[in-house]
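A lone chain, given as structure tokens: the form predicted on its own.
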Amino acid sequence: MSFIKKKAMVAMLLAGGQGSRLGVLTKDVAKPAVPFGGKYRIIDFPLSNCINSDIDTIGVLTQYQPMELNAYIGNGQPWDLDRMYGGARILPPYVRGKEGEWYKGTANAIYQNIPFIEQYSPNYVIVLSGDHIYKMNYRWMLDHHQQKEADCTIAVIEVPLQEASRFGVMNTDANLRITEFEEKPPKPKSNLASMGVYIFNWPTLKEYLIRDEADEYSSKDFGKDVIPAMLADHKRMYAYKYLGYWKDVGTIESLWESNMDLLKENISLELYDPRWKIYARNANLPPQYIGREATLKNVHVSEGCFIEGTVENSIIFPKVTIHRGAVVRNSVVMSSTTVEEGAEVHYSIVAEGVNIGRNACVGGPSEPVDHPRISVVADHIRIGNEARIEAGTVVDRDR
């Protein structure tokens, strides 16, 4: 095989997840394409991490509802990934010979794209998830991997022990060498949770992917199959401790919480840091308009908004209209939504293109701060005048 150009490290970004726990928000889009933080999509974070870490060759593995995600990534230009050699490449499942098949698991997804990786002859492959919110320098992780002379390095973050059973959990020795890996154990022995970020020596990973694919009993998954197989063979596997902000936004509650985190003081997920920008594909819109009688407190307001009402502790996406007398508190309001006069929105995630009628109320204004019940309104829904949507309700049809 003739190589296009050798790359030291290639990133493989798993972005095909259905995200069923996000309900109506992923009805028509893959989870990595869900809007976040006023002007971003979830996938903007791993893509920006790659380019900020000098990784310019990224295979984006799509599967579920890929149209919007594929269109959003396009040629990769917003992330400086429109490269002749490398750049961002969309890698959906495809037909080989007379047959084709879906990606059967995370390991199988990488296995099916061995030819893509091989053309760059990399020394290392970094495998990433497309549905986490964080800022991370993968070069620092690679340095750690090289210093330990590792075959595989897994990024980990400390979580409360009572929550560790939700994750893959590492047990390590004093030098951070992984001695045991448990996938979502009922009684975890450690609070070091896998972040779904792996660096492998490419020849080693290729060997285990081929072996795993040949195993008819394998579930074709990194956490369940490939990682345990490497541990059983006593490969040099190390944990890399990450100390910054990281959130798996796989549920309505965690997506809402992560958006609200952006409004806190001294959060480590700093979106205004010029040294580590989060890049995104954005429309060229006029500035937001804030009316004379509007009241805003602790909010992110994106371009193209028209606000004359009261907005507190909320994330407002582009082209949102909030009329006089309307109130939005503790909520995420996505693009092109209109909140009519006298309407109220509390503790909610409102998807794109929603119209909330006059004097309607979505969500409960007096929800407990620690564990509020989050209301969700699906895209392009009409909430009628005077309608009442109870706290914790999912609205997927006009009311």
Partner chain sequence: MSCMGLIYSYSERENLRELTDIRSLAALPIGGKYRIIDFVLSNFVNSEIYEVSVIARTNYHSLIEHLASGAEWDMSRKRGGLRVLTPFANKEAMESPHVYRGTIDAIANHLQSIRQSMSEYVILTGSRILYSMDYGDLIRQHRETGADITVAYTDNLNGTNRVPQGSPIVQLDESKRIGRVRIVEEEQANVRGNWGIGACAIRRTLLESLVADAMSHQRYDLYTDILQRLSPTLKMYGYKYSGHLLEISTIAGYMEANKAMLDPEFSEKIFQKTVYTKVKDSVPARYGPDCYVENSIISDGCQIMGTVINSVVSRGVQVDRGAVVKDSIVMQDTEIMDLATVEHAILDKDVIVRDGREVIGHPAYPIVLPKMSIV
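Computed from a predicted structure; not experimentally measured. Numbering follows the first chain given and starts at 1.
Just so it is clear, the following notes concern the form predicted in complex with the partner chain, a form of the same protein that is not shown.
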query: Partner proximity in the model of the complex: G363 to the partner chain, non-hydrogen atom cutoff 4.5 Å; finding: no
query: Non-hydrogen atom contact P46 with the partner chain in the model of the complex at 4.5 angstroms; finding: no
query: K104, heavy atom within 4.5 angstroms of the partner chain in the model of the complex; finding: no
query: Contact label in the model of the complex: Y272 to the partner chain, heavy atom within 4.5 Å; finding: yes
query: Option touching the partner chain, based on a heavy atom within 4.5 Å in the model of the complex, out of K241, R139, K297, K189; finding: K297
query: The single option of Y279, Y120, Y134, Y208 touching the partner chain in the model of the complex, heavy atom within 4.5 Å; finding: Y279
query: Candidate stretches 228-236, 210-218, 281-289, 111-119 - the one whose heavy atoms come within 4.5 Å of the partner chain in the model of the complex; finding: 281-289
query: Heavy atom within 4.5 Å of the partner chain in the model of the complex - qualifying residues of 299-333; finding: V299, H300, V301, S302, E303, F306
